[in-house]
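The form predicted alone is given below as one chain in structure tokens.
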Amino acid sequence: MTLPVILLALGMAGASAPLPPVPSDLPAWMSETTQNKVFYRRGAYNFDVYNLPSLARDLNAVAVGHAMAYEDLVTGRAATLESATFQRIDWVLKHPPRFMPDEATISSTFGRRYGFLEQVFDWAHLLHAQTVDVLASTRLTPAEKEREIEALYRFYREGTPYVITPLPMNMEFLDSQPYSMAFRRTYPKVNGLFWGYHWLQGAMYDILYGQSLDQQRLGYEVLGERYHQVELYRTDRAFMPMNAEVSPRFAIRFPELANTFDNLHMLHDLVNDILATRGLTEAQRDGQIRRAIWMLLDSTHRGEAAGRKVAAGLHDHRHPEGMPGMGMMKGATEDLMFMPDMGWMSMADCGHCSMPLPDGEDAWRAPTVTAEGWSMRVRCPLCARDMAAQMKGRAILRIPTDDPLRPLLLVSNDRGELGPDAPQALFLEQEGGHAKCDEWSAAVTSREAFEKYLAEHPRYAAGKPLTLEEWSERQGKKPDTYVKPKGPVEDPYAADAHVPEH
């Protein structure tokens, strides 16, 4: 065995192959030593995340944790990352600050050394923050929120040169650099915290998008509990959490934002791995960090389009069918992707009955189930209810109704009981073949809406309106259409897996 391979086998984070060359035509701003401070786009909704105090404080703590770890990495305290640093970060996560800190005051050495990187991070973090502010606002109508998120993204694209590409990136390629996995192997507990942050920063969008403030608070009660009790301390993830895995509704509606946020999180991972790789000179680290930024910059991919494979690796912008807001994962085909603990699946089909999900302008009609750390779109209310009943612990169900602006948000407890009560909601369930489940399973907002639905679907005219209590006590048959997808290998993340190229 060569020395680098031995180091990796021992978990000592040595580079496993020669470092790739740093491009010679990097943007000029990467050589600047001073930072160009950026701030929020003007808006009455700014800081409305504090309508959800628990979420706001958890996001404040994320900023502290990132800054503490980066500062210790570059000031000779890397040996304490899994002990003293982890304990300091964990204390902050359990006692989050009331207001968002200035990360530069916590990681001043890191900022001075890698100011060009901080520019990219800060600009994307502002997009993150303002998007959440819009979604949490009580001042804007749903239609105004849609328009303002689009305006925020245009502001992000046009405001500075520090823009991360909105194209889906081949995540397998990005995670196969010579230094990849150095950080997660050497500092698994702190990496668990980082990926827990990424989980929260992705999962929060489906909890907020299209929901009232009361629904958002209820949803975050469940999500925040999962975040603090499980997601922050996981060290067994095969890959960083992806936005489309934890917020598929948001990722379908705003694929450019979902891709931007995934690419931002991958940039964090690349930097973490470079800093954790031993044996690199300071010049090599600086060069590889600049190259990592270059790989994910919007300017690097100018003229390229989502869904296309311009070239192997860096310029592979394909995405799974039905999910333009997600890059290709390890072993994935355009039809199937692998989710640990769930196996192979299609993002375009219902995970409960295998029937095609609504898309385009009808995409909002798909219910979602959030459970055990993931979120999944399904085809009908019955699919959502029965899928949630199969999960351990609490699950969040978002059930569209006849009114796109009045979805139901239901939470199942450990006994599978659904609440809170929704006295105006009525359900139709005349179970038949799942090829038509999007017709014979439906939720509406009133008796008048129920009668209108039956008039539009006369084959179900004998259907009786079910209350939430009556509907939640039912259990459907095993879907007659379900097919378990089979991928090219059993598990592409297994150590001995040989994954064919696509």
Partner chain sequence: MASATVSVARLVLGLGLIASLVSIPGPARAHETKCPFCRKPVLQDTADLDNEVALKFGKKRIEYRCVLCAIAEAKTAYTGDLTIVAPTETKGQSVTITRKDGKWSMTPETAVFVGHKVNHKICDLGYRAVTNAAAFDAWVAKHKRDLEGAKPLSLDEMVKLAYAAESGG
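All figures in this text were calculated on a predicted structure; none of them were measured in a lab. Residue numbers count along the first chain shown, from 1.
Although not depicted, the form predicted in complex with the partner chain is the subject of the following passage.
Of the heavy atoms in P492, none are within 4.5 Å of the partner chain in the model of the complex. In the model of the complex, the partner chain sits within 4.5 Å of a heavy atom of A388.
Contact annotation: E221 falls outside 4.5 Å of the partner chain in the model of the complex, judged by heavy atom distances. Though the partner is left out of this view, E451 does not reach within 4.5 Å of the partner chain in the model of the complex, counting heavy atoms only. Of the candidates G351, P320, G331, P255, G351 is the one whose heavy atoms come within 4.5 Å of the partner chain in the model of the complex; the others do not. A heavy atom within 4.5 Å of the partner chain in the model of the complex is found for one listed residue only; from G419, G159, P101, P356, this is P356.
Although the partner is absent from the chain shown here, T401, A443 and K478 each have a heavy atom within 4.5 Å of the partner chain in the model of the complex. Picking from 270-278, 179-187, 137-145, 361-369 the stretch near the partner chain in the model of the complex, with a 4.5 Å limit on heavy atoms, gives 361-369. Residues of 403-426 lying near the partner chain in the model of the complex, listed in sequence order, are S412, N413, D414, R415, G416, E417, the criterion being any heavy atom within 4.5 Å.
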